[in-house]
Structures are given as C-alpha cells and as structure tokens.
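Form predicted on its own, single chain, as structure tokens, below.
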Amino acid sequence: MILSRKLKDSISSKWMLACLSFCLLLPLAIGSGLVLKSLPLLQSHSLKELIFSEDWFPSDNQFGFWPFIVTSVWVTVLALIISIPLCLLSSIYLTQFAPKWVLKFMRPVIDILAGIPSVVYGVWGLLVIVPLVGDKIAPLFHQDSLGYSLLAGAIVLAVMSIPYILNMLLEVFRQIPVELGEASLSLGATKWETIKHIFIRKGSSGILSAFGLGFSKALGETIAVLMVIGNVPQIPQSMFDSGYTLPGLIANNYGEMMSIPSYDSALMFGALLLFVIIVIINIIFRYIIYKSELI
C-alpha cells in the first residue's frame, strides 16, 4: 500500500515537472524557430539595416522594419494611454464604492467583452471609429484624415484591452485584506486617502503586472488594428496619419509571397522582432515590479 502511494506520488511529481518543463521550453522553441527561419535574411542584410532602415521594397530586396516598429509601439502606447485610466478608475469604483450587485453584474459583461472576436471589434471600428476620427475628431485638431489612422487603431485596441486589464485589476484589489482599509479609516484617513495610500500602494506590483500584460497583448493584436489603421508603410508624424504594424504586416502578406525566399524570411524576421520586443517589455516591467516591491 505504501509502495503504491509512493509510486503514485512519483508519477504525479514527474508529470507536473514535465508540464512545467514544456512551459519553460516553449518560448525558447518559438524563438529558436523564428531565428532559423530568419537566417537567410540575416545573412544577406545587416541587423542595423533591417531594424533602422525606412525602405520597404520587397521586390528590390529592401526590407526596412523601422516604420513597422514605430507604428506598433506608437499605436500600443496610445491605446494604453486611453485604457489604463479607464481600467484603474473603474476597478477602484467597482471594488471600493459600488454596491456588490454592480460588481456581480459587471463580471459577465467584462467576460463577454473579452470573448468577442477581434474581427468583430474591427468591423465596429470600420463602421463607427473610422468615420468618427475622420469626420469629427480630426477637424477639431485642424487635421485632414480619412479616419484610417493610428488614433482609430488605438481606440479599437484600447476597447479590446479594457476587459483583460480590468479583470486583472479587480483581482488585485480583491486580494488586498479589507482590514487594512478599515484600520486606515479608523485612524482618520478619508476614503480616497485610504485608496491612494493603502490599496494602490499595497497592490502596486499587481497593478504594474496588469499594465505590462495589457501592453504585451495590445502589441500583438492583429486583425482589428489591421482593418482600421490604413496599412501604409511609413513613419507616422501624428496620430491622424496611417501606419502599418508588425502583426498586420505578417498577417497581410504571409502566404501570398512565399515563392520569394527573402520575403518569407523577412516576415519571419518581423515575427522575431515582435517576439523580442515583447520579451524586452516584460523584462522591463518585471524589473519595475521588483523595484516597487523593495520600496
């Protein structure tokens, strides 16, 4: 009986270790595969030329990824500038001010928003956001725009990011002991002072994690942004200009130009760039979280 129990424990622990090893090796396998597929391009072009060049003429074997990198980062940052205040203030209200039935009602609403396919958000962006930007918002800033712009992509991306970031923030505030807030209030602090100095400070690492994951997810979104951003390979000079993101480049062209080996390798290099950017962003956020926990 004891031997059978030890055997079961041994099998269970090895099975769990195998699952953990698979999760740890998966990013390495993805990165290695992208590097191997990108080697033909890296052997014929310098890394500096590929990353910082603005020339994108695949038929002439010119592959400059700088416009795609700039557009991807810019539209993601704009989206987070829109979504982060909305998510943070909404999560504070739902957990600290709203009646419990409001939070119970909002949970399935947030889940529904998270489950809507990205192409549906893209269609909504085409029908609502693109005309809104072109006809209403751009004239307010004395700009001419057809609506297919970084701002349209950022608004759609912000709406798509809200349920993910908001869900994580709700869990962060839910995990903070209620006794901490009660102790603060009993010492004479106001409700807002308690939220600012107790709940936000106590949950700072979780809040930063939510923003970091939201940034990574937003950077990799493809179809919805592809439908509203204009897909022009240029460095945007304003948020009303069109652009072309790295995910959009890969999704738009993969499968059409596979007869050109250098083009195939270029698209794989674009995926590798996206992979590396997301890894760097996560490392930066992990460092910020680590520093915030020491304070």
Partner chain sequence: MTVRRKYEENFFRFLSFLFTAIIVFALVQIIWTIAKKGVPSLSWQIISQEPKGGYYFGKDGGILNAIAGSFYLAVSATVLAFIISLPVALFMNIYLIRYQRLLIGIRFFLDVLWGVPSIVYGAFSFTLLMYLGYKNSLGAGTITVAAMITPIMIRAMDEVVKTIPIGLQEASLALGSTKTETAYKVFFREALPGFATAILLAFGRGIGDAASVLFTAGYTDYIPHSFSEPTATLPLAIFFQLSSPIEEVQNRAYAAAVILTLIVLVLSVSARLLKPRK
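Just so it is clear, the model here is predicted, and its values are computed rather than measured. Positions refer to the first chain, counted from 1.
Keep in mind that the form predicted in complex with the partner chain is missing from the display, and what follows is about it.
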Are all three residues L47, V70 and H142 in contact with the partner chain in the predicted complex, where contact means a non-hydrogen atom within 4.5 Å?
no
Which one of these stretches, 47 to 55, 60 to 68, 237 to 245, 26 to 34, sits within 4.5 Å of the partner chain in the predicted complex when only heavy atoms are counted?
26 to 34
Pick from L132, I116, V77, L146: which residue has any heavy atom within 4.5 angstroms of the partner chain in the predicted complex?
I116
4.5 angstroms heavy atom contact with the partner chain in the predicted complex for L39
no
Given that the partner chain is not shown alongside this chain, does A251 nevertheless sit within 4.5 Å of it in the predicted complex, heavy atom to heavy atom?
yes
Please check if Y121 has a heavy atom lying within 4.5 Å of any heavy atom of the partner chain in the predicted complex.
yes
Although the partner isn't part of this model, could you tell me whether L94 comes within 4.5 Å of the partner chain in the predicted complex, counting any heavy atom of the residue?
yes
Is any part of 85 to 99 within 4.5 angstroms of the partner chain in the predicted complex by a non-hydrogen atom, and which residues would that be?
P85, L86, L89, S90, Y93, L94, F97
Closer or farther: the CA pair L24/G212 in the predicted complex, versus this form, with a change of 3 Å or more?
farther
Say whether the C-alpha atoms of F22 and G206 sit closer together or farther apart in the predicted complex than in the form shown here, given that their separation changes by 3 Å or more.
farther
